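Heads up, the chain below is alone and in the form predicted on its own; it's given as structure tokens.
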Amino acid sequence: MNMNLTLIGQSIAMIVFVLFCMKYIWPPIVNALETRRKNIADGLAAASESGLKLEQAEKEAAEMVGSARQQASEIVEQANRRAVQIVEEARNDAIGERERQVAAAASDIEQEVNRAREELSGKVAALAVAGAEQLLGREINADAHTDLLDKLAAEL
């Protein structure tokens, strides 16, 4: 009987121990496990959500980079067009300046030609008077014959 009484005492102690563990030890462990499971599930959900946000951010970044590249190419194209326009304006200004200088040179040449003609006609008139003096053997009054000398100079 000793064996049975020990067995019954040990069984009762075991039942009391199991009931004590179920009442006081098991609920905090289950709560801790449940909290841990919930934290892990929340972490996995957050990781999944952040992965989706990361993919979306990468897509937005790729779109922004594409937009920035397009804007950069447009800016470069505008700069090239402006450079061509500036070169064309400079070329037109240079052509205009050249034409102005050519016109000024032509005007100067025309003035020099006219001055040379006047000077030459004056010298020719003086030579004609000198030649006429020698032919006639007397002095010709240049003041008296100014009209005749002017006509002669105009014909020359």
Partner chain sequence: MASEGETQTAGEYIVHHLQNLTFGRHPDGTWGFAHGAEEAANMGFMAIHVDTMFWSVFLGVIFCWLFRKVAKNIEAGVPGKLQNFVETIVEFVDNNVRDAYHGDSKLIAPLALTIFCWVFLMNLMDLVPVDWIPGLVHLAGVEYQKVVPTTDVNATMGMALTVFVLILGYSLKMKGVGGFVGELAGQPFAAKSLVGKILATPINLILEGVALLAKPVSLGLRLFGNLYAGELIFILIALLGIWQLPLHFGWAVFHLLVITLQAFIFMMLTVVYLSQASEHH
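Numbering follows the first chain given and starts at 1. Predicted model, so just to flag it, every value in this text is computed and none were measured.
Keep in mind that the form predicted together with its partner chain is missing from the display, and what follows is about it.
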Answer range among 47-55, 88-96, 111-119, 33-41 for contact with its partner chain, defined in the model of the complex as heavy atoms within 4.5 Å | 33-41
Can residue 29 be called a contact residue for its partner chain in the model of the complex at 4.5 Å between heavy atoms?
-> yes
In the model of the complex: members of 4-24 within 4.5 Å of its partner chain, any heavy atom | 4, 5, 6, 7, 8, 9, 10, 11, 13, 14, 15, 17, 18, 20, 21, 22, 24
